[in-house]
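We begin with a single chain expressed as structure tokens, specifically the form predicted on its own.
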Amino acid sequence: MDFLRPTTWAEALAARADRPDAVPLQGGTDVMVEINFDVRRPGALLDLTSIPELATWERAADGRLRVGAGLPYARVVAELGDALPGLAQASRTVGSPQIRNRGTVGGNLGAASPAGDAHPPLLAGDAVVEAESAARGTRLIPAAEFYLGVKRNALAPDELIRAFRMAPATGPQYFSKVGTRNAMVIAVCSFALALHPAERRVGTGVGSAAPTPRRARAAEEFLAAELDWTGGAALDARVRSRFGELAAEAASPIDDVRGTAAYRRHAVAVMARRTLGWAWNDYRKQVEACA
């Protein structure tokens, strides 16, 4: 197995073009486990951890945040918790402190595991993945179009993830996760919710309950039409219940060692209702404060 370690982005793109069989390493918390357990044996590893610019973030001219693929979860929590609260909540649930210091959202995207904790809040927040190749330059891939199948993403063989772009939260955001224990566990299923009051729109993300992370679009449309965006009136129990049902209907889970399909559907409905309750309570306080 060859080990490639570029120190600049240009070198990384050149190496990717020359060795499309090389597996990019951006934290290694998934890749190294698979190698250690002999699940995969790539011809080469392309280590991107020595490229400083990948571990930075900035506010772009359009107001969105541009977050480098190498920014670790710990820094997402510490530096972006106010701007991207849903993603920060998900980042807090990833592994142990050591894993959060090493693992990255970019690595989560590259692995494209249905159970990745970062995926639901990226979907709910309308994130866009910035991919680049030496031959064709940069292209932007909406998160909703990025996941193609179990551990398959929309990257071309010569592309690397450089960053993701996401607008700062304009309303409450929440992430919820069910696991077989309270910490250091792969999600049995997960759910993210983002309220976008200025657009009177709702974003969702369902994780580990389908072959790919996905949005619950019918649930989003239903809830956006039912919420009292102007006055912040209390939620009707019927609305909360129906939102949970529609979120569960968006799932397409399987039975596996972590949980049954029936349990996952039930848990998605429960998490949808709970995150909605938390988010709407926050929104009502914001409305009252502005009154």
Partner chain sequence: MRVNLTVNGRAEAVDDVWEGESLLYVLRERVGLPGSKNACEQGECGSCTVYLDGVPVCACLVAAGQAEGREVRTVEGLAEGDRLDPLQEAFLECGAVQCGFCTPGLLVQAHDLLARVPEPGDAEIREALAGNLCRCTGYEKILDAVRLAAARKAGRR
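None of these values were measured; they are calculated from a predicted model. Residue numbers count along the first chain shown, from 1.
The same protein has a further form, the form predicted in complex with its partner chain, not shown here; the description that follows concerns it.
The three marked residues, Met1, Ile35 and Met184, each reach its partner chain in the predicted bound form, with a heavy atom inside 4.5 Å. The closest non-hydrogen atom of Ser50 lies within 4.5 Å of its partner chain in the predicted bound form.
Contact annotation: Arg238 falls outside 4.5 Å of its partner chain in the predicted bound form, judged by heavy atom distances. Although the partner is absent here, Arg136 sits far enough away that none of its heavy atoms falls within 4.5 Å of its partner chain in the predicted bound form.
Its partner chain is not drawn, but in the predicted bound form it has no heavy atom within 4.5 Å of Thr180. In short, of 92-100, 190-198, 208-216, 126-134 it is 92-100 that has heavy atoms within 4.5 Å of its partner chain in the predicted bound form. Residue in contact with its partner chain in the predicted bound form (any heavy atom within 4.5 Å), chosen from Gly27, Gly244, Gly68, Pro253: Gly27.
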